[in-house]
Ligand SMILES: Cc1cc2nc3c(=O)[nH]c(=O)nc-3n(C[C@H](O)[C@H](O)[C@H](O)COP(=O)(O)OP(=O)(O)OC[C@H]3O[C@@H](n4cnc5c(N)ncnc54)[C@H](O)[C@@H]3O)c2cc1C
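Have a look below at one chain only, the form predicted alone, in structure tokens format.
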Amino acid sequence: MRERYDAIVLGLGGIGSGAAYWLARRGARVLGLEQFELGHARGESHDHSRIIRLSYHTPNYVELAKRAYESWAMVELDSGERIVYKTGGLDLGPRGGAISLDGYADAMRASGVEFETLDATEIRRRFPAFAIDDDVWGLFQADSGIVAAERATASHQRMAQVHGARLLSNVRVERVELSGADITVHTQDASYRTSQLIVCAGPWTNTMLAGANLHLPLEVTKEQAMYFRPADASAFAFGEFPVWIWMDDPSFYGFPVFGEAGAVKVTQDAGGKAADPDTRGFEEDPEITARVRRFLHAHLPALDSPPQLVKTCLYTLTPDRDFVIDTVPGTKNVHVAIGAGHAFKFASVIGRILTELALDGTTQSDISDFTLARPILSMAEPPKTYMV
């Protein structure tokens, strides 16, 4: 016997759980399959916090971020859980740095997002924990903040089940069989049929898409988040200190105190080494730690101490660092999303978009920048641009 569902979601991390939720909320009969336990720490979606912001480098991302806030608000209303916390957000860096603050400012203006331009004197006045030279400047956007990551994923999963979804954990998919309008997903214990397949498998995306004869030039890296405990945490208190991103190469980012009592989360963006998701370790990478410590010594000296806690995760990087949100070419019923190491803030809206593609055949969001047809994804050895 092969059970049949309106849609099957492969992978129940941040995006996949979002897809299961929005599908079930729309009334679809949904099966979600996760190869590990729900809420596991082997992928990209765990830990307390992720940055959410309207500050992005193209108007398309800014518009998608607006819908991300809307989508999270709908999940909060449905679940009764608070997921988004606004702290204000500061993008800062040296003039002429590797990441253009001017591009972020232009994108926000084009989308009608209010923000402030701050010079170094004003940054130091508002947030005295920063030790910065006069050539540093920044953009402050008041709606930026934190998505409570593990809580968000758990809320998606809980409410997906409330709306009728069936979510199975510790189930490894062995093969996906495509036959026109009919799809069969074979696991070690059973087979399931559907007319719509949604792949949100992160580092395991290419394995899940092998039956569609699609192989993408993805790089999986092992990253880490670190928590530092200052002697006086008041300068980093929630409600007083913003989320922030250092816009240069290397790029760093951090949070106020949130999730770990008295501790401040800081790390480098896309600073990790290539890793096999099936064999990677969970140990600290001393090179990332050293780079972060050098940054803290120079710019946030109150945090310059050995980390109190280190957590590892994976990034699944496209060569241009843009998302993939698309229907697989040659099919009308296989849909895929890849977050490129910066999608958790968008997890709910991406799940919503995938639902629209599966149930409606189209989406109200502009996903033209995230197509599988963009030339760089057809290159065997594409150039890599991870600084965004």
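Throughout, we count residues from 1 along the sequence that is shown. Because the structure is a prediction, the values reported are computed rather than measured.
The protein also exists as the form predicted together with this ligand; that form is not presented, and the subsequent description refers to it.
- Note that among 166-174, 95-103, 78-86, 125-133, the stretch whose heavy atoms approach this ligand to within 4.5 Å in the predicted bound form is 166-174.
- The single contact residue among L197, A160, A201, V264, judged by any heavy atom lying within 4.5 Å of this ligand in the predicted bound form, is A201.
- Among heavy atoms of R352, none comes within 4.5 Å of this ligand in the predicted bound form.
- Although the partner is absent from this view, F258 stays clear of this ligand in the predicted bound form, with no non-hydrogen atom inside 4.5 angstroms.
- This ligand in the predicted bound form is approached by Y253, whose closest heavy atom lies within 4.5 angstroms of it.
- Taking the partner from elsewhere, L10 is found to have a heavy atom lying within 4.5 Å of this ligand in the predicted bound form.
- For the partner-free chain shown, L33, E34, Q35, F36, H40 of 23-41 come within 4.5 angstroms of this ligand in the predicted bound form, judged by any non-hydrogen atom.
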